[in-house]
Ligand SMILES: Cc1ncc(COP(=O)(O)O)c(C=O)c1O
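Single chain ahead, written as structure tokens, the form predicted on its own.
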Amino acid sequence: MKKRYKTTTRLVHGPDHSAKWDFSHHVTPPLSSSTTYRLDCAQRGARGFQEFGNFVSDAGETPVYVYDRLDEPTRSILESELAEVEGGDACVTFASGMAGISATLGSVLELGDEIIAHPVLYGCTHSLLTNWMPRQGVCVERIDMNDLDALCGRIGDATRILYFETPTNPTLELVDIQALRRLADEYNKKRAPERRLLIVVDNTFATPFAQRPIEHGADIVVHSLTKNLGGFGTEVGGAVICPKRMLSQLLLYRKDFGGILSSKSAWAIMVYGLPTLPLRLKRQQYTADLVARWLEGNSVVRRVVYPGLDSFPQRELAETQMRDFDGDFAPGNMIYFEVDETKIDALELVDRIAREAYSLTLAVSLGHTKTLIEIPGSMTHSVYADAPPKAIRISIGLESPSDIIRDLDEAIEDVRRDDANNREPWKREALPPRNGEASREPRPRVVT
């Protein structure tokens, strides 16, 4: 009966029945806080270990819980919800998004295998591929995933994974998942099932609200639950949505490497994060559209990247690939822009926002209820030697769009005014008035 209802409604109510817990009387799923579970007999304990790693459906038999690091009900219910909303078979959650990415690669790749990854990735993912995968005997190549000719010329028998984000962090470039699916299918015709070329997509920026990569042909989807899926900046977590055939290997990897998501974090994400995801994202992308258009019209801004803008270079792909649960275009809540350095200094602008803006917060991470601003080149992506040093990333929150725009406007104008006042008198410029101000003549500089 649950399938009759839209995803937005299903996220609010969750499972109407689960073998993992008694839903007959609880309106809100209970929080399990046990690290270990009482066993009625030794045979029951043995059964729990024997059955570990098997797929458990909501309509199946209640599993035997033995120890939290193996499995526990709260986390397991969240995993079922995440698999359903992404359209995958199964889900395994982890202590962080990076733990989930590491487990995905570690559970698939063997000595001598190869990953081909998009050049632009989250800074820590870039570090994982650059610093750690080669130490495990895994070759890593970086090729533009939209350059199919270059990709075809590089895929070999050792290539096991095509890895990318879409939209990319932080530049918001999109990758055509369907095109890569067609490419991978051609290579897989000649491969044994256990050596299939897999498409792994980090869907953290878009979330399943705005994009469901499995629908377009991805094999595996990874998430940082810390971001919009958690939504409130209170929990750290990660998730891997995968085919059923990969479930036991991922669970075994998690058990042995120990990167489990705590039941308390799983409960908060399931009870607060997922049910509010559509509501939050609709509000955030409404605001993001207004802020992006305002930035695009500001004279000190050189370039604005936002999938909802007409100027977005991949607008047609965005409208095809980024769709919400109702089928409407869903460009998300992330904005990336560069200022004209001849008119304003990006570092000064962000510093001014950090000191004086109320509706914007200088902080890393994204997908928060608060609007967060950062400079990726010196912060989240500082591991890239060639990262644009002064481009700016904004994760739009739930504030009033007019407040965000006003704080940005005041910060820009205050920096411009200070720059004008710090020049020699014959080089000062009169600035145009702000809304509601009669004059913007430069004030004489006072030295104290």
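Sequential numbering from 1, following the sequence displayed. None of the values given here were measured: they were computed from a predicted structure.
There is another form of this protein, the form predicted in complex with the named molecule, and it is not shown here; the text below is about that form.
Interface residue among 284, 93, 226, 371 relative to the named molecule in the model of the complex, by the heavy atom within 4.5 Å criterion: 226.
The listed set 122, 267, 253, 294 contains one residue whose heavy atoms approach the named molecule in the model of the complex to within 4.5 Å, identified as 122. Screening 275 to 283, 97 to 105, 180 to 188, 82 to 90 for residues having heavy atoms within 4.5 Å of the named molecule in the model of the complex returns a single hit, 97 to 105.
Although the partner is absent here, residue 165 is a contact residue: one of its heavy atoms lies within 4.5 angstroms of the named molecule in the model of the complex. Taking the partner from elsewhere, residue 71 is found to have every heavy atom lying beyond 4.5 Å of the named molecule in the model of the complex. At least one heavy atom of residue 237 is located within 4.5 Å of the named molecule in the model of the complex. Heavy atoms of residue 205 reach within 4.5 Å of the named molecule in the model of the complex, making it an interface residue. Of all the residues from 358 to 391, the single one having a non-hydrogen atom no more than 4.5 Å from the named molecule in the model of the complex is 366.
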